[in-house]
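Okay, so here's just one chain, in structure tokens, the form predicted alone.
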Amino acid sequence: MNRERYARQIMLKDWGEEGQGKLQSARVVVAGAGGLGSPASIYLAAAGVGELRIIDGDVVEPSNLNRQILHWDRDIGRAKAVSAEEKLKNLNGDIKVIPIMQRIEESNGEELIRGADVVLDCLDNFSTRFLLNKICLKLSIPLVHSVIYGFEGRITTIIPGKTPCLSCIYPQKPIEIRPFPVVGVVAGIMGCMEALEAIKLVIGFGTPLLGRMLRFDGERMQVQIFPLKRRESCPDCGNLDFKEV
């Protein structure tokens, strides 16, 4: 362990060298290397997460560059996962970065996610989000979910068998507008929150957003936290044995 690199976070009593060791051994999946996945990946890499799997089947486009800070002008046309790997390895050569240039689908989803300690939902569409939710429930892997639109962002953490899942939160698939407006700073804030939730889960300190949704309104600089309820009839998690947190 490069103790000097991580000295300022090791100073925290709930973190320490033991917590840093847990991060070094952790495997985190970042699903999506865009507006949310870029800042989330940067701060996970900087914190010293041992293995980052970056899953993204898209290439960099000019319209990405107002928010997807892992990608630069020179990367236009390159695979996002490869572009992300290059920057993250330059940031921290001590970690392992695995670029996966695929989309998450029914046929490959479990293989791509299996073995992760935490999964970050940094996607841009609800069809894939719901599939990721199902996979994490099946594999009993915590899922940190965030969504952004314009000046607004929302985030919650899902623990299979303990909290409401994504299908509990959204009984009906939300109407999606493509393309949708995004303020880059809001994507950065929410991606950083996702990274912080993942770090807390790995090390085991603090109070994650379990059974709660945080809503950030960047236009008015307001934060609200509201409770989430499990649906016993949920088609995705209704058959799990629940232990409330």
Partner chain sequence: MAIKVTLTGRLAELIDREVLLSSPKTVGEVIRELANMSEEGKLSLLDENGEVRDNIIILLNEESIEDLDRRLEGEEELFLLLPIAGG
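Residue numbers count along the first chain shown, from 1. On a predicted model such as this, the values are computed, not experimentally measured, just so you know.
Another form exists, predicted in complex with the partner chain; not displayed. Remarks below refer to it.
- A single residue from the set V97, I159, I169, I113 has any heavy atom within 4.5 angstroms of the partner chain in the model of the complex; that residue is I169.
- Between the options L131, L137, A79, V147, the residue in contact with the partner chain in the model of the complex by a heavy atom within 4.5 angstroms is V147.
- Although the partner is absent from this view, R53 stays clear of the partner chain in the model of the complex, with no non-hydrogen atom inside 4.5 angstroms.
- Using a 4.5 Å cutoff between non-hydrogen atoms, K229 counts as a contact of the partner chain in the model of the complex.
- Heavy atoms of I69 never reach within 4.5 Å of the partner chain in the model of the complex, leaving it off the interface.
- The shortest heavy atom separation between N125 and the partner chain in the model of the complex is within 4.5 Å.
- The chain is drawn here without the partner chain; in the model of the complex, the stretch among 212-220, 41-49, 199-207, 22-30 whose residues come within 4.5 Å of it by any heavy atom is 212-220.
- Contacts to the partner chain in the model of the complex (heavy atom within 4.5 Å) from stretch 184-205: none.
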